[in-house]
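Given next, in structure tokens, is a single chain: the form predicted on its own.
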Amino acid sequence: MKTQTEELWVDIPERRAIVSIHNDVERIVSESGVQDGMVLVNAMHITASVFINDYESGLHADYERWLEELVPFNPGTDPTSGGYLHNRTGEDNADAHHKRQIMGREVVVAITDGQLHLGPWEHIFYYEFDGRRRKRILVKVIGH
């Protein structure tokens, strides 16, 4: 059994952004030498997500619009005016926690013949909902 663990670091200057981490994950899988196994890719922050979908800007814009409709950004603390109780902690990121729950925390991808075993349009992304600081992504490869 082989394992490899690596942390990717990303700097997101905006509050929200979708970033491709696909090539980084492919590189780590290749360096691991695992031919048959799994790779876990996990956002190490409670206001970020890792997801798999199409690498298409219209779809990403649709995610932004849809998530903002579901859980709009509001730095306030009064629920009667659209604010969030969580923001009473002194933060303004309650919406980011909710968006992460919707988009998910992590992905697990099969490795076959040393390659990510994905569908033809599948691509791995990191989705930041409360950026403006450095964040980590865990990549853990397990197999033989």
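So that there is no doubt, residue numbering starts at 1 and follows the sequence shown. Model, not experiment: these values are computed from the prediction.
What follows is about the form predicted together with another copy of the chain, which we do not show.
- Proximity of residue 15 to another copy of the chain in the predicted bound form: non-hydrogen atoms within 4.5 Å are absent; the residue sits far from the partner.
- Mapping the unseen interface onto this chain, residue 29 falls outside it, with no heavy atom inside 4.5 Å of another copy of the chain in the predicted bound form.
- Under a 4.5 angstroms non-hydrogen atom cutoff, another copy of the chain in the predicted bound form has residue 122 among its neighbouring residues.
- Using a 4.5 Å cutoff between non-hydrogen atoms, residue 79 counts as a contact of another copy of the chain in the predicted bound form.
- Of all the residues from 45-72, those having a non-hydrogen atom no more than 4.5 Å from another copy of the chain in the predicted bound form are 45, 46, 51, 52, 53, 54, 56, 58, 59, 61, 62, 63, 65, 66, 70, 71.
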